[in-house]
Each structure stands twice: as C-alpha cells, then as structure tokens.
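One chain comes next, on its own, written out as structure tokens in the form predicted alone.
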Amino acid sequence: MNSYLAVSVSPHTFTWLYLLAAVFFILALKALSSPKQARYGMWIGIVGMVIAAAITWVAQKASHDWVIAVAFVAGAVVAVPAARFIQMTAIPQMVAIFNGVGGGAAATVTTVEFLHDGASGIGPSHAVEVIFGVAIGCISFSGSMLAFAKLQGIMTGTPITYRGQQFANGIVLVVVVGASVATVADPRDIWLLITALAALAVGVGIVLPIGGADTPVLISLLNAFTGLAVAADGFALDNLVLIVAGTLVGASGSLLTKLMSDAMGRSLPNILFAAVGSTVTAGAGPGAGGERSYRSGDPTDVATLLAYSHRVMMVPGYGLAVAQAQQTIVELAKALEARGVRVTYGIHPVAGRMPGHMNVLLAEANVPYEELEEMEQANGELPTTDVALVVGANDVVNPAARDAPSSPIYGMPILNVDQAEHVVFLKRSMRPGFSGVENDLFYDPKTVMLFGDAKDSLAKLVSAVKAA
C-alpha cells in the first residue's frame, strides 16, 4: 500500500503537507494563549497532528503498516481514558509523565537513527544532531519521571539534598559533554551509551533538590527540554514538522519558564539549586504555632462577615484543587452576588502545581474570564476590598516574601491580601505551604482561620450566607 502511495504522491507534496501541519501547530499555540479560544486551539492542534501522523505513515519507504497501527492503537488506549477521567489535582502528574514519555521517545528515535547510520558512517554535523536529541531527551525523561513520582506521592515532595550535591551534578554534566564530544569525534555505540546514562543522571540531579513550591517552574522547564529534543530529532531525520513543533514547544516552554521565575521573584538557578522547602517551620495541626495566638471562626461568623461586605476577593490555591471545590466556590460567589456583593477572583501566576492551574480550575466551573484578576490588577483592588477569602493558598499571599529579607521566598511577588480590611483563610491546619515558610498573616488580628476541608467549609458558607 505505502509503496503505491509513495509513488503517487511526490516528495514536494509531502513537504507542503508538513508545512500545513506546522501552520496548524502555530495557530493552535496562538489560540491556546487565550482562555476564550483555547478549546478551538486544542482542535486546531489535533488536526495538525492528524495531518502530520498520516503523512508520515504514507511517506514511509518500508512496509511497517502493522507496527504503526499497533502503536496508534496502544497510544489511544492509554491516552484517551487517562485524559477523560483524570482528576484536576492529578493533571500536573499527567503532564509530567506524558512529557517524560515524549522526551524518552525523542531520545529513542535519535538513538535508532545513530545505530542505523553507524555502519555506513555518520558525519560530525549529523552526530551533533543525534547527540543533542539523545542527551536532552534523556534529561527530560528521567527528570519528568522523578517529578511524576514526587507529585504522585510515590516519593517525598520535600527537596532531597546531600553534601557535595552540586559538585556531583557538575561532574556528571562534564561526563555528558565529554562523551558527546567523543561520540562526534569517534561515533561508537559505547560513547552514545555513556552520554545517555549520564544524561539520565543529570535529569535526576536537577529534580531531586526541587520542592513543591517550585514545581510549576520545573514542569515548564522539562517541557522545554522535550521540545528541544524533538527539534533535534527533526534535524536528524530531516523532518520539517518535527523541527517546527519541537522549536515551538522549546521556545514557548523556555519563555514560560522565564515568566514563571520572574513571577516568583527568583532566578532559575536559585529555583533549581536553592532547595526551598527542605526545612519546615511549623507544626502539623491546628494548634501549631507555639505560644502565638490566632483567631478561628465558624461558618456562621464568616458567612455574616461576607454577606454584609461590599467587595469580596476569592484567592484560590492548590487546596481548592485538592478538595475539588471549584463548583462550590462559584456557588458561594453567586450567593454573595445575589445579596449585592461584588465578587472577584485574585489569581497568582504560580498558585497550584502547574502554570495556569487556577485559571483552568475555575474555567472548569464556568467562571467568566473577566472575573479572574491577574496579580497586578488584584493588588490594585485589595486595599479597598472588605474581605479577602483565601482558599487553600499560602505562599502566594505570605507577606514574608515582601517584608522579610531573610526569608527563603523573599522577593517573590505576592497577592497583598493583608491590605484587605479582613482576611479569611480556609485551611485544614496551621501548616505552612509548599515552601515550608510559616505565614505570619495567620496570626494577624484581622485574620480569621476557618479549619476543615475546603469543599465542606465552602458548602457551609453557602448555606449560612443564604440564611443570613
């Protein structure tokens, strides 16, 4: 079948069809930058991928139809149920493991290309393309798998550090570079194997000292790595669509990593190597905090405060996602709006465990995008806000990031909820956030702590507001 199609369709036509798929990828990425057009962007990307996969299948010179068909079916059997039934709180894990699979696939493809061409000789420029795909792909694979294990709770999410860690990482990186140079100079399988193994170790070394608070940046960085590995595959295979798609992912992932780092007020090296979160500074239960006193309230008291306010700002965090309480917080907002209260949502760019986590979460609950206020806009309104209702957030509202130069999170831009007239925290306990840094705002006289599961607490608030 393929031999006939390969003859009837000219290589020039394949090039134009690949270019069409690449244009679809660019349009998809553009549409995905806006929540209003994101759904259309997804479908545009799907069409582009179908075109690219179909053309690659038709363009193959050898008869491997059954192998490709089995791969398509196996991928669909795994991916469709995973995407359909995944919980919102598990999306970061899914992103991590899918990204790792992409990096591993990129490394595998370039390895096969190297082994295929090795017998007939491989030129230096082609060897560089192969080495780049193998090294970056292996880093992305091992790093993403370890990130998945942390996010899934298979291993601790606390930064793992040891004496001489950075020196050891540096040595392994030198091995990667040295073996890569040796592979280019003398293309032997052993040098490629050493490069791959050392690159896998580099991926592990990058992820070990990363704490939960820095996970969004880590996911974005690993995504960029996979894109670069795919682009290298494109050069190695002389495939236009892989070059364009990989470059798009690599460039957008790199830019997003930079934006996320800026949102945290820290440099990328500091995020990767500072091991923020390795020391927890608070206890485990509602009574933690030593001799310091705090105010706790009940749903009726908090509901009365909310019902008689003029302006309320909801500040969601990862705790909202864990409790699957996005629909309930919208119910509370509607109950307040029915009483004439103006309700908005203050969104921090790194709240949650992946970029845009809170935006996706609230979009799932059909919150109009216009009601989601980015950090700069929200901070402009907080001084005139009656109540800031913080649901499951911590680090992104911690004044230590603004006022305490000795704090590990100092310099990270935050939502200034302490400037609101009243602050209400919905939390399970007095434990700090992912960074392990205690939040002094818990003990501020204007703050009320409402302990319990976020969804349950919000449901009680809805009932109490309606009865107020």
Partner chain sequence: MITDSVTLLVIFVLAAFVGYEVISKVPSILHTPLMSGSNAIHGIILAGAMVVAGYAHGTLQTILAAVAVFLATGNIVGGAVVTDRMLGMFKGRQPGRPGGGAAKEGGAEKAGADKAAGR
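Numbering follows the first chain given and starts at 1. Just so it is clear, the structure is predicted and the values come from calculations on it, not from any experiment. Each form is matched to the other, and the largest set of C-alpha atoms that superpose within 1.5 Å is called the rigid core.
Note that the form predicted together with the partner chain isn't included here; everything after this is about it.
Asker: Tell me which of 203-211, 152-160, 383-391, 248-256 has residues with heavy atoms within 4.5 angstroms of the partner chain in the predicted bound form?
Answerer: Checking each option against the 4.5 Å cut-off leaves 248-256.
Asker: Just checking whether A404 would be counted as a contact of the partner chain in the predicted bound form - the rule being heavy atoms within 4.5 angstroms.
Answerer: No, A404 sits far enough from the partner chain in the predicted bound form that none of its heavy atoms falls within 4.5 Å.
Asker: Does N359 reach the partner chain in the predicted bound form if we count a contact as any heavy atom within 4.5 Å?
Answerer: Although the partner chain is absent here, N359 would touch it in the predicted bound form, with heavy atoms inside 4.5 Å.
Asker: Would you check, heavy atoms only and a 4.5 Å threshold, whether G104 touches the partner chain in the predicted bound form?
Answerer: Close contact exists here: in the predicted bound form, G104 approaches the partner chain to within 4.5 Å, heavy atoms only.
Asker: Taking 4.5 angstroms as the cut-off for heavy atoms, does N379 touch the partner chain in the predicted bound form?
Answerer: So N379 does not count as contacting the partner chain.
Asker: Which residue, L173, A363, V128, I122, is the contact with the partner chain in the predicted bound form, using a 4.5 Å heavy atom cutoff?
Answerer: Result of the distance check: A363.
Asker: Considering the partner chain in the predicted bound form, which of F273, F235, Y294, F132 comes within 4.5 Å of it through any heavy atom?
Answerer: Only one option qualifies, and that one is F235.
Asker: Using heavy atoms only and a 4.5 Å cut-off, decide whether all three of L268, N416 and K455 touch the partner chain in the predicted bound form.
Answerer: No, none of L268, N416 and K455 comes within 4.5 Å of the partner chain in the predicted bound form.
Asker: Could you list the residues in 354-380 that come within 4.5 Å of the partner chain in the predicted bound form, counting only heavy atoms and keeping sequence order?
Answerer: In sequence order, M354, P355, G356, H357, N359, V360, A363, E364, N366, V367, P368, Y369, E370, E371, L372, E373, E374, Q377 come within 4.5 Å of the partner.
Asker: Would you say whether G380 is displaced between the shown form and the other one, judging by a C-alpha shift of 2 Å or more on the superposed rigid core?
Answerer: G380: C-alpha displaced by 2 Å or more between the shown form and the other one.
Asker: Verify the C-alpha shift of L362 between the shown form and the other one: is it 2 Å or more after superposing the core?
Answerer: True for L362: a C-alpha shift of 2 Å or more.
Asker: Can a Cα shift of no less than 2 Å be assigned to Q326 between the shown form and the other one, given superposition on the rigid core?
Answerer: Shift at Q326: 2 Å or more after core fit.
Asker: Looking in the predicted bound form, decide if the C-alpha atoms of Q327 and G157 are closer or farther than in the form shown; they differ by 3 Å or more.
Answerer: Result: closer.
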